[in-house]
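Okay, so here's just one chain, in structure tokens, the form predicted alone.
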């Protein structure tokens, strides 16, 4: 395929990934990496490198909108970021040591689990107990906009959430997904935050985590400027559109939509990873 049509298709795919990334808190990497590898035959390391740069752009575009709308919880995001960015740098350092077929299989497994956990939690829950004492001490409790006003929410399991964010950071650096796949799961399933708060806070965090990992990828030559330029352009515009759509999309359809997309990507990545492994 000629360069211009090829890059135009990459930008269009990145635009779609940006919309999904902003809506689901994944930053787009969870869709972008499989798309580049499976549809555009990009090397896994180059796809992850382009994704990390793009996720930083997504985070910037989406966070500006989400902060003005009142969804993002900055106190939670900054606290969890301490372990997430450390894990991101560690994961990026490990990336060169793990074979590509294994990376694809790991990525697919992460996506599969993410799809299952997102589908399983049907409704927003309101546990009938006080917030984690640490959340109270650091004033992490807040409220978010709903139809007719603002709804307060509690925060639970702060320390387990922070430790799991370290794991999320490792996955981010290793696979180039900006940690969004695990960020949302941890805040949604462990800390019991409302889904839209989880996705918007994740969007704020992933840019910082991805930036730390991207430096390592750049040093190792995994970031191709020709590929990265249309990816960043497409995903940045898509994220800005997705951030505005979040205001009118209900949480339940959003969960189902995200779960389906991730399931398809997971099965494809696992299949390709195993096939490449057997071929070698």
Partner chain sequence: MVTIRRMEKLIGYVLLAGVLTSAAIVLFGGALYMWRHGSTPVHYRIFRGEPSDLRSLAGIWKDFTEGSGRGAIQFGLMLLVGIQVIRVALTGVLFLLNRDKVFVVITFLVLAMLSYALFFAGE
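Positions refer to the first chain, counted from 1. Being a predicted model, the structure only gives us computed values, none of them experimental.
Below, we turn to the form predicted together with the partner chain, even though it does not appear here.
Note on the interface: of 105 to 113, 160 to 168, 188 to 196, 201 to 209, the segment with non-hydrogen atoms within 4.5 angstroms of the partner chain in the predicted complex is 201 to 209. Residue 4 belongs to the set of residues with a heavy atom inside 4.5 Å of the partner chain in the predicted complex. Within this chain, residue 241 is remote from the site of the partner chain in the predicted complex, having no heavy atom within 4.5 Å. At a distance threshold of 4.5 angstroms between non-hydrogen atoms, residue 35 is out of contact with the partner chain in the predicted complex. Taking the partner from the other structure, the partner chain in the predicted complex has a heavy atom within 4.5 Å of a heavy atom of residue 220.
The three residues 45, 53 and 64 all sit with a heavy atom within 4.5 Å of the partner chain in the predicted complex.
With contact defined as any non-hydrogen atom lying within 4.5 angstroms of the partner chain in the predicted complex, the contacting residues in 73 to 88 are 74, 75, 78, 79, 81, 82, 85, 86, given in sequence order.
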